[in-house]
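One chain comes next, on its own, written out as structure tokens in the form predicted alone.
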Amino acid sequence: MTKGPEERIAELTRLIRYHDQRYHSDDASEIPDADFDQLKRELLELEAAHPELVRPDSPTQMVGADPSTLFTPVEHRVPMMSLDNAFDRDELNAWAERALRRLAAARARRAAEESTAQGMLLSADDQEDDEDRPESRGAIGLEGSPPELGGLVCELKYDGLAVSLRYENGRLVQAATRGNGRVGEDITANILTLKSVPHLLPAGAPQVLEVRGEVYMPLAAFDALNAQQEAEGKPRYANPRNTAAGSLRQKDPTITATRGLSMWCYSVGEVHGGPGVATHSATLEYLDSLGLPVNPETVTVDSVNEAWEFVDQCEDRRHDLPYEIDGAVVKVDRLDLQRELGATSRAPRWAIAYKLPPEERTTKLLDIHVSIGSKGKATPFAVLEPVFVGGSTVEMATLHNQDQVKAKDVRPGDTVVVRKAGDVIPEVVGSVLAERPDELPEWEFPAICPCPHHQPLVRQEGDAAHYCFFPRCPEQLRGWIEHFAARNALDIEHLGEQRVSLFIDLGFIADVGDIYALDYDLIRELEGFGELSVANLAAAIEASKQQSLARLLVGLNIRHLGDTSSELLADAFGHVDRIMEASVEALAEVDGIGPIMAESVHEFFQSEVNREIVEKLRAAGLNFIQDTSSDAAAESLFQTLAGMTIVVTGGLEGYSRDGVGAAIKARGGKSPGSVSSKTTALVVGENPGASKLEKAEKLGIPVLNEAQFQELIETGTLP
């Protein structure tokens, strides 16, 4: 039975208040922002249609949630308001038109007041004529158009926690959360642990300066924290926003200090003293001059169309930034126009937040299955009721491993939160416990591999994942052959996923060695295989025999061994036979090859099944010697990095991940994937790994930026 407006408004009010509390005060939101926004929009639409049902305490009239009782309350002298949202270009344009109409009406009122003061009262006829004037109708762009908005400031909308910093005579004396906009929580001790927040401002700072901004957790810090959680057998954190908020609300500031939090400042509240500024952009420049962190991505534009271009760029660059954003904010730049536009009970009329398409949504978890990867790794994944998220429809999402399923407490039949950020594989963040059916049983990790041989799934001590170690497991075989033929391995064109599955099902291939013994006459008889397609396949397989030893090692799919470490082994030993016969200790002596990797390589080549495969490849004529063409290329360059070991973390302009390693090797250097006491220098690009940087600093290893790295490879001299 359909609920009436009054009943539905009451229900929405209850739901929104509950989720507001979970998000703002508990840092434990149960539903994605997009789902919360839908509830809020529905309430706004119902209240617009039934204004007699709007209550003063409606969530649409208020900001945030009441502050937690764990911290001392702080009353904001200037309320910390929220922002109204726009979800498409039409809504952004509508906001600008409303602002223009309000400014036009204000100008008309001032003109009327001035006329009255001068005793120039309008006649009744004049008043009728006045109703046809554009400013009275609120018309936009007609003759006698209202004043322009002036410049607009476009900022990123950070996904973090809103805070206020109060400086008195240049000293940080208090920091508080936004809370309900009127009263927040005192988090001064925790804010003082943030490296980006100055404790003292330069001489000449205002007597009182209250700065507003957003505390966030950089993605590198979030990833490092989750890696630490997994290493300690603890559940992963769901997202950087909640983790940042929870880290900032720690009762022990020393915990906050370890979380790598940072802050961007975007406005001011109470101010006494200081230079007078006329625009919001000038305010940001002033804050920056005081050493406060102001985001460099902020721009000033002249029109709403240019503001929309900024929004477009935000969406395109969303996953290139080292922190999370969920939209863009557009503000009227002139402070006098801001004052004239004023505010509603919860939000300023001179600013609007454009929300980017959601990357988290809720859907139904239909079942949990387990897939077997090319190295035998058993990965649980969710089978979902289709949901549109992150720009595409998602029907499956990873659950990582047994511990994560347990930590997230997700069960078939649950309503779950699904996250998809850019090109990242979708994952299930957690369940919505409030919507869980009664007596829903826990999911149990299977003990047996889903392949026809029904071999056990084994979880070794210290490992988070289960593995199937049966060498003839067809589930592994498909993945291994696809991996063997991949571009970064043997690069066999025309041997894609469908053909691999077909050849396995027909019994043509039982391991990667059989690729080189395919019967092309039999393949010609198959439907869809013409003479040209068979010839192309045969040529690609033949050409793959000349790939380097490093690529062959990649193709062998040895656990823990990646592209870079394969090159290190190939360079160090020169021939596959030497690697096969090397001891664990000899393998571990190679710079960049740790004991776990060395043990894995040694174990792989001790397997009789794997040795048989290597012999098949030898008989087929594959290259077992390290590629000498790279040595010839290296001789053509100055060996500026000879004897140096250069580790790179983060992206460098003009280099791919493999390309930067190749550039170092071509100049005689080594490029391992980890920092050690043998490392000459660490090069830091965009989105660097926190652990490498921390280890380099601890060992006293020089840290170079992109420009210094370029100088190093050209001159061979450390700056």
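Treat the numbers as computed from the prediction; the structure is a model and nothing was measured. All residue numbers are counted from 1 along the displayed sequence.
Here the subject shifts to the form predicted together with 2-(butylsulfanyl)adenosine (IVH), a form of this protein not shown in this document.
Chemist: Looking at 399 to 407, 157 to 165, 563 to 571, 497 to 505, which one sits within 4.5 Å of 2-(butylsulfanyl)adenosine (IVH) in the predicted complex if you count heavy atoms only?
Modeler: Answer to the contact question: 157 to 165.
Chemist: Heavy atom within 4.5 Å of 2-(butylsulfanyl)adenosine (IVH) in the predicted complex: which of Gly479, Gly170, Gly269, Pro348 fits that? Just give me the one.
Modeler: Exactly one listed residue reaches within 4.5 Å, namely Pro348.
Chemist: Sort through Gln229, Thr72, Ser82, Thr258 and report the residue having a heavy atom within 4.5 Å of 2-(butylsulfanyl)adenosine (IVH) in the predicted complex.
Modeler: That would be Ser82.
Chemist: When the contact criterion is heavy atoms within 4.5 Å, does Val329 count as touching 2-(butylsulfanyl)adenosine (IVH) in the predicted complex?
Modeler: Although 2-(butylsulfanyl)adenosine (IVH) is absent here, Val329 would touch it in the predicted complex, with heavy atoms inside 4.5 Å.
Chemist: Examine Arg178 and determine whether its closest non-hydrogen atom to 2-(butylsulfanyl)adenosine (IVH) in the predicted complex is within 4.5 angstroms.
Modeler: Arg178 belongs to the contact set for 2-(butylsulfanyl)adenosine (IVH).
Chemist: Though only this chain appears here, would Asp414 touch 2-(butylsulfanyl)adenosine (IVH) in the predicted complex if you measure heavy atom gaps against 4.5 Å?
Modeler: Close contact is absent here: in the predicted complex, Asp414 is far from 2-(butylsulfanyl)adenosine (IVH), nothing within 4.5 Å, heavy atoms only.
Chemist: Could you tell me if Glu359 has a non-hydrogen atom within 4.5 Å of 2-(butylsulfanyl)adenosine (IVH) in the predicted complex?
Modeler: So Glu359 does not count as contacting 2-(butylsulfanyl)adenosine (IVH).
Chemist: Looking at 2-(butylsulfanyl)adenosine (IVH) in the predicted complex, which residues in 213 to 235 have at least one heavy atom within 4.5 Å of it?
Modeler: Just Glu214.
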